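Given next, in structure tokens, is a single chain: the form predicted alone.
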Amino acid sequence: MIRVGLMGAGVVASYGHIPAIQRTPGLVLKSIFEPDSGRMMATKADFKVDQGFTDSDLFFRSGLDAVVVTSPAPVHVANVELAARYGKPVLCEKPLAMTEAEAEHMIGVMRGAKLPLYVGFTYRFSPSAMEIKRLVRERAIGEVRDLRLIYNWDCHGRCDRDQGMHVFNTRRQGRMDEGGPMVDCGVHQIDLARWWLGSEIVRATGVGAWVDAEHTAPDHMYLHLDHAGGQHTMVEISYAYGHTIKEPRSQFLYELIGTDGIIRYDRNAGVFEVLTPAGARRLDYHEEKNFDGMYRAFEQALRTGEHGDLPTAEDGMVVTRIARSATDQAIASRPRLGSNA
């Protein structure tokens, strides 16, 4: 069994990573590290983990073969540095780093230690995303020319609905402070576009809107990507879509438009289909995330040394650069409200 340690016992660790690790044959969750002692103890008890630590050095000395980093993005670099020092392979949550320079540093540190560094783009491992990859490769809709990837939601709302509309939602605030929706969640869509098409992005243009005007980063963004193969991708992502309403709404859509048809994935409707001159063909629908599939790939990569479809740190660095530079571009061209200029 491969003994895994997890760094960061937050929300995504509890609903996604920890259960998936514990369900994956060949992996065992040996230890968790969490600076907040109360959260650490609660997570350790809830998931019946052998060991829990608030001291990172003790964590790394607890008999681990590999590490999963699910801490907040600003501390990813420090966590990866520690893993390199202790000789542990790493799977790191997205975004890999806050900046391209940080990502380059992390890659260099792990490369210097002769250790693999992977990135947790869970969307790749949805059976629907895997099927889209196959359909594109087999030219099911001819040559793919255009992608529309949309994820508009409220990032749990401006206020905490569980506690009442007067209680400020610090989770959404934190995501906005770290760079906003394109840096936080849009990285998934950018990664999918590169992976599905097998074509690098040669030009990126970011445009932002500030529904919640107090933030530096836009809370609604459009990103236009030109690929080396001549394809175009449009990503639309929002943390402002109904962020003040009582009952949340969302939009989640993939559309791949080809010379001989369309592939559509609509989460809201639960529809996955291929539309061609022969007619419409319904496919099996699956949720957009698949932590279990990612951890099966991680176990295989650790065991064989072959990463397969598991995203590499280089993938994470490219996506970080695109998301961050597009957001910076949007910020630099932010319009002034009330101005006709």
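All of these numbers come straight from a predicted model, not from anything done at the bench. All residue numbers refer to positions in the sequence shown, first residue = 1.
This protein has a second form, the form predicted together with a small molecule, left out of what is shown; the following refers to that one.
- If you check the small molecule in the model of the complex, you find a heavy atom from every one of V12, R39 and T122 within 4.5 Å.
- Of the listed positions (A73, V144, A193, I132), a single one reaches within 4.5 angstroms of the small molecule by any non-hydrogen atom in the model of the complex, namely A73.
- Listed residues R171, R111, R137, H224 were compared with the small molecule in the model of the complex; R171 is the one with a heavy atom within 4.5 Å.
- Of the candidate stretches 226-234, 89-97, 210-218, 257-265, only 89-97 contains residues with a heavy atom within 4.5 Å of the small molecule in the model of the complex.
- Remark: G5 does not count among the residues lining the small molecule in the model of the complex, judged by a heavy atom distance of 4.5 Å or less.
- Although the partner is absent here, Q189 sits far enough away that none of its heavy atoms falls within 4.5 Å of the small molecule in the model of the complex.
- Not displayed here, the small molecule is kept clear of F60 by more than 4.5 Å at the level of heavy atoms in the model of the complex.
- For G26, no non-hydrogen atom is located within 4.5 Å of the small molecule in the model of the complex, even though that partner is not displayed.
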